[in-house]
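One chain is shown next in structure tokens, namely the form predicted on its own.
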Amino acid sequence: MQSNLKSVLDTKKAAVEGALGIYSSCSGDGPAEIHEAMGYSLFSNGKRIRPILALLTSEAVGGSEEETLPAACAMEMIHTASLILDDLPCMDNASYRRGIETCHRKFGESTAILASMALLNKAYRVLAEWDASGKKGERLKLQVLKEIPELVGPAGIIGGQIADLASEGKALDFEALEYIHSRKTGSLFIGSIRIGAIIGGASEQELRAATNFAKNLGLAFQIQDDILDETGDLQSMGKEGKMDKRRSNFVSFCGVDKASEIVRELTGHAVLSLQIFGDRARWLKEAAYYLAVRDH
């Protein structure tokens, strides 16, 4: 990764980490165990890719980090909630996530499920309490709040997870794999980038361009994840390798080399979508190229 991009990503990640500490408030009323489980999962060395993309997109259309951070943090809470559920024995039955034991292994299944629900609820509360003063701010809040149900619901993460679970033991074609990946993983990429664009004040044309960027980037990211699942290990990835053997993925469908080629093609399409932004999208473009070749 180029040193300048690394510096930008590190700075944005630090801003997200700091804001998460404020907005998550994983303490207070209620049993201590649920707050511990929420904090354990939320602050478990995540890369914070989705909130960083929200910040970079907002800035590319003229927004600021400060006004975008609450929504960016809400997206990270939703992402973490989805990971807790994805790791459960009834889902992927994973033992490790981000280099540590999964939430259900550490706290038990019932507490893990409740921690996921609590993080999702916290995300909505952060958005509801977001300081959006004036008519423009209230419209922005409403737009952002309308995005979330679509991302999480049957047309988004939940629909993708259902299709993924139903695929166990089946050989899937390209269209079926794309359907699963574009919802299970792609939804939060699309949501984070769209929300960043909305808060930043994107025009309709800019929002369409950002959405196209997000769709291609999210699919490329998951296919690269399939490649790493095949070639990586616990030490390098922070989770067990070859976890997807029970279900079809892009590697089982077309092999590592062809899957890598698809990642490059999708990344190229994603970057082309950003032409409308010119130099303002420099860091988004460089982040896309970096994510296409990441090794963890």
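Each residue number is its position in the shown sequence, starting from 1. In this text, all values refer to a predicted model and were calculated from it rather than measured experimentally.
Missing here is the form predicted in complex with another copy of the chain; even so, the following discussion is about that form.
Interface residue among 165, 100, 207, 176, judged by heavy atoms within 4.5 Å of another copy of the chain in the predicted bound form: 165. For residue 53, no non-hydrogen atom is located within 4.5 Å of another copy of the chain in the predicted bound form, even though that partner is not displayed. A residue is said to contact a partner when one of its heavy atoms sits within 4.5 Å of a partner heavy atom; residue 111 meets this definition for another copy of the chain in the predicted bound form. At least one heavy atom of residue 38 is located within 4.5 Å of another copy of the chain in the predicted bound form.
Using a 4.5 angstroms threshold between heavy atoms, residue 125 counts as touching another copy of the chain in the predicted bound form. Although the partner is absent from the chain shown here, none of 257, 266 and 282 has a heavy atom within 4.5 Å of another copy of the chain in the predicted bound form. Heavy atoms within 4.5 Å of another copy of the chain in the predicted bound form are found in exactly one of 68 to 76, 147 to 155, 190 to 198, 211 to 219, that being 147 to 155.
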